[in-house]
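Single chain ahead, written as structure tokens, the form predicted alone.
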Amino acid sequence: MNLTIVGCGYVGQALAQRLQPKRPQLNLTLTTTRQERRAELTALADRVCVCDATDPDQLRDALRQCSSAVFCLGPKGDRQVDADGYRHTFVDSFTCLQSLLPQLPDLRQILYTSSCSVYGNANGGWVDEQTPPDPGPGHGAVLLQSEQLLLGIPDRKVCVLRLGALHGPGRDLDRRLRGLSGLERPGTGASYSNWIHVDDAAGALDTALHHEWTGVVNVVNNEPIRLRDLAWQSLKRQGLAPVHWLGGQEPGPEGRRIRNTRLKQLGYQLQHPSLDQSGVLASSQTP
């Protein structure tokens, strides 16, 4: 397989590392937008390109002769909180890809790491891949537009993996939540979040490549968790004061609980199916 991973941030690099045992049978190209990261990535790949995926010449070069491409794109800097930046990163990149496809006859498989944010607020209800996305304005709407651009490509195997909130090495949950200790917060903390360990994000991508998944797949662990439960478990584990919930109407949406049934039906077994009491994800296999 000739594979290009476009975007080697948190998930893209994790996938590249996971693929290392397959390197003898794999011609691997990695891209980054930062020249200074080339040395770091060189050991993981046959070729490393500095590539802005909205630039047709750079993207064409990154994808030349590859049979499969994984897009793990992410906004840079303040674009993480800017819908226009999201649009440039995702929509402009896939518009560029579409324009190049006639020049890329070998590219038969395209994977994209999207986000469960495209579902919007389900008032705490359950959603799956058959649930119509309803992201509202902002980042989620941009990501949904990006998905639609890819899923509308004919004669290629396209898979969109909708990831939950990521954590793992470098994104420790306890460290992220300790700032809530002792705070008073409006509402009851009843909103749901859905998580996935970076190892499982990379593992699902690897499996999707090998088995040529198509369509949309939710990549989340087995247990959506309310914010109050997540905060309480983390702060108790760290010996810190809990959050004091003031009650009353929730200040934000109640979120959604996301099913991962299709992920399991496709044969992927989660390495970390749930949050355990040590602050990392449990290592038992999916039931």
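Here the structure is a predicted model, which is why all the values come from computation and not from measurement. One rule holds for the numbers: they count along the sequence shown, beginning at 1.
Omitted from view is the form predicted together with a small molecule, to which the following refers.
**Q** If contact means a heavy atom within 4.5 Å, which one of 221 to 229, 61 to 69, 30 to 38, 240 to 248 is the stretch that engages the small molecule in the model of the complex?
**A** This holds for exactly one stretch, 30 to 38.
**Q** Indicate whether Gly120 is a 4.5 Å heavy atom neighbour of the small molecule in the model of the complex.
**A** Close contact is absent here: in the model of the complex, Gly120 is far from the small molecule, nothing within 4.5 Å, heavy atoms only.
**Q** Using a 4.5 angstroms cut-off on non-hydrogen atoms, would Gly164 count as touching the small molecule in the model of the complex?
**A** Contact check for Gly164: yes, within 4.5 Å of the small molecule in the model of the complex.
**Q** Looking at the partner-bound form in the model of the complex, is Val11 within 4.5 Å of the small molecule by any heavy atom?
**A** The answer is yes: Val11 has a heavy atom within 4.5 Å of the small molecule.
**Q** Contact with the small molecule in the model of the complex for Ile258, defined as at least one heavy atom pair within 4.5 Å: yes or no?
**A** Judged by the heavy-atom cut-off of 4.5 Å, Ile258 is well away from the small molecule in the model of the complex.
**Q** Looking at Ser193, Thr207, Ser115, Thr131, which is the one with a non-hydrogen atom within 4.5 Å of the small molecule in the model of the complex?
**A** Looking at the other structure, the residue within range turns out to be Ser115.
**Q** Using a 4.5 Å cut on heavy atoms, which of Arg171, Arg156, His211, Arg185 is close to the small molecule in the model of the complex?
**A** Checked against the cut-off, the match is Arg171.
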